[in-house]
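Read on for two forms of one protein chain; each stands alone as C-alpha cells, with the labels structure 1 and structure 2.
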Structure 1
Amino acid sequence: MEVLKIKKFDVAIIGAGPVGLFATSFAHLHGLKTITFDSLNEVGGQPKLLYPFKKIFDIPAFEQITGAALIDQLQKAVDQQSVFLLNHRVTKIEKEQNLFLIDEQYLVKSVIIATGTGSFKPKKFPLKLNAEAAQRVHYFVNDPASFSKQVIGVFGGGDSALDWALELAAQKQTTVKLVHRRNEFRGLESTVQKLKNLKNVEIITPYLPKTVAIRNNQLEIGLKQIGSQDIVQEQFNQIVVAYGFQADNSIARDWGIELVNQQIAVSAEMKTNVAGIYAIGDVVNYPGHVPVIGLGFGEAQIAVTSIIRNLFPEKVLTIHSTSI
C-alpha cells in the first residue's frame, strides 16, 4: 500500500479563475505558503475558457481588457514559487483539530473557496457522435486561427456563441454558420448586428440538430426547423458548441459548509460557518453581493487579511502593499 507524503501549506485556494489567481498572489505578497487547486487543466476559469476574446469594462485600472489578457496579467503577478495543482477536483476536506486535510495528502491551516459558479462542464452536443465526428466538435476556442479557411458551425444563442462566431469570422476565408433554436438571441444585440453585417456569416434560425454523419470528409448535420418537420442538411468542416455549462457547488455541503441558493453564506470577513474556511467571488452569498470580478478581488484581500490575523495574531500586519 502506497504511503502518501503529507504536504503542508498555510492556505489552500480552491479555484484558479481570476479571483483565485489574485488571492494566490495576494497571499504570497503577505508571506503565506499557498497551494491552488483547479478541476480544469489550465488556470483562468470562465474568462479564459468561455469569453477569452470578450472585452471587459469593469476591471479597475483597465479601460477595457479581454478575458484572456486579464488572466495573462493575473498570472504574471503570481509568485513563481506558487504551487498549482490543476486537473484536480478537490473532493474531501477533513478537519483535524485546527488544520484541514485535503484529499488525504495536503495539510493546510486555512482554506479559501474561489470556485465561482462551481466546477463546470460543457453541455454536450445532443446527438450521438462516432470517434471521427467527435474530433470535429469543440466546446472551447483556444486558437481561432486554426479554424481559418473552413466552414465552421457555431451552435448556441448566448454571448459565448456570438463572441466565438465573431472571432471565427475574422479569420481568413472562413465561413461561419450560426445555428440557434430561436429567432431571438440571449447575447448582446450589438454583437448580433455585427454578425448580420458580415458577408461570411450565415444565421440559421430557428433550428435544432437532429442527425449527424460524416460525408465527403465533412460533418453533415441535419437541422430540423422548429414548428415544422422539414430538415435541411448543412455541411461543416468543424463545429463549436456553446450550449452553456452545468455548474455545481453542492460538494461544499459535504464539507459541512452552509449553502444559500447553491452559494456559500459568508460573514463580512468572508468566513463560512466552518472556522478556518473562507469563500470569495461568485460562489458567495451575502446581502448586497454583486457578482463582478472586481468585487471578488476585494473579497480576496479581506479573506487573506483575516487569515493572517487568525494565524499570526502577534504579527504587526502591513495592510497596504506600498508599505511592504
Structure 2
Amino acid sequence: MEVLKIKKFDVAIIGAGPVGLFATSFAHLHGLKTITFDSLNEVGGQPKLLYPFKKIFDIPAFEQITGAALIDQLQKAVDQQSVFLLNHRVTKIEKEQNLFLIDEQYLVKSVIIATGTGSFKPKKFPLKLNAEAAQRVHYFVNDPASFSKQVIGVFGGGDSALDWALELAAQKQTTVKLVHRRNEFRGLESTVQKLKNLKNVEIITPYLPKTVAIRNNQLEIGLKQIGSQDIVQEQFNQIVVAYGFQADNSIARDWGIELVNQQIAVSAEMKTNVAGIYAIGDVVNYPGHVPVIGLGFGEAQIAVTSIIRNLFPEKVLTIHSTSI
C-alpha cells in the first residue's frame, strides 16, 4: 500500500483564477506558506479561459489590459516559492483538530476558497442539434480570427455575449448578429453603445431560437419574436452561445460549507460558517457583492489579513494609515 507523505502549509487556496492568484501573492507578502490548487491545467480562471483577448477597463492602475495580460501580471507577482498544484480538483476537506486535511495529503491551518463558478459548464443552446449543426455551435472563442469573413450569430445578453460580439465584429469582413430575448442587455452600457455604432453588427431583439436546420451549407435558425407568433429565419456560418455558465459549487457542501444559491455565504471578514475556512471572489454571496475582479482582490486582502490575525495574534500587521 502506498503511504502518502503529508505536506504542511499555512494556507491552501482553492482556485487559481485572478482572485486566487492575487490571494497567493498577498499571502506570501505576509510570510504565509501557501499551496494553490486548480482543476485546470493552467492558472487564470475566467479571464484566461473565456476572454483572453478582451480589453478590461476596470482593473485599478491599468488604463486597460487584456484578460491574458492580466493573468501574466498576476503570475509575475507570485513568489517563485509558492506551491501550485494544477490539474487537481480539490474534492475533500476534513477537519483534523485545529487543522484541515485536503485530499488526504495536504495539512493546512486555513483554507481560502476561490473557486469562482466552480466549474466551466456552459448553459447549452436550447435546441436539439444534429452532428453537422453541432459543429457550428460554439461555447468558447479561442481563436477569433477563425470566425473572419463569415456571418456569426452571438446568442445571449450578458457581458460574455457583448464582449464576444465586439471581438468577432473586429475580425476581417465578419458580420455579427447579436440575438437576445430582451431589448435590454445585462452588460456594460459602453459596450452596448459600441456595438450599436458598428455597421457590421445587427442587433436582433427580443427573439428566441425556436428551430434549427442546415440549409445551403448554412445554419438556419428560426427566431420567434417574444410576444408574437412570428418566426423569422436567419442564416449563419457559425454561432457562439453565451448564455452563461451553470454554477456548481455543490462540492463545498461536502466540506460543511453553507451555500446560498450555489454561492458561499461569508461574513465581513470573508469567513464561511466553518471556522478557518474563508471564501473570496465570484464564489461568495453577501449583500452588495459584485462579481468583478477588483472587488475580489480586496476580498483576498481581507481574508489573508484575518487569517494572519487568527494564526499569529502576536504579529503586528503593517497598517498603512495616517491614523497611527
Ligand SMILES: Cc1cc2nc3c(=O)[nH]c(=O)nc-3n(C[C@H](O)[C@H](O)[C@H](O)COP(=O)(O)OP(=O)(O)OC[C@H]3O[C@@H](n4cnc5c(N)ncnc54)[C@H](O)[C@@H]3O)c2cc1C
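For the two forms, the rigid core is made up of the largest set of C-alpha atoms that agree within 1.5 Å on superposition. These numbers were taken from a predicted model, which means no experiment stands behind them. All residue numbers here follow the sequence of structure 1, with the first residue given the number 1.
Q: Which depiction, structure 1 or structure 2, is to be taken as the form predicted on its own?
A: The chain shown first - structure 1 - is the form that fits the description.
Q: Core aligned, does the CA of E184 move at least 2 Å between structures 1 and 2?
A: Shift at E184: 2 Å or more after core fit.
Q: Please determine whether the C-alpha atom of D254 is displaced by 2 Å or more between structures 1 and 2 following superposition on the rigid core.
A: No, shifts by less than 2 Å.
Q: Rigid-core fit: what Cα movement does A131 have between structures 1 and 2, in Å to one decimal?
A: After core superposition, the C-alpha of A131 moves 13.6 Å between structures 1 and 2.
Q: How many angstrom apart are the two C-alpha positions of D143 between structures 1 and 2, if you fit on the rigid core?
A: Here D143 registers a C-alpha shift of 6.7 Å.
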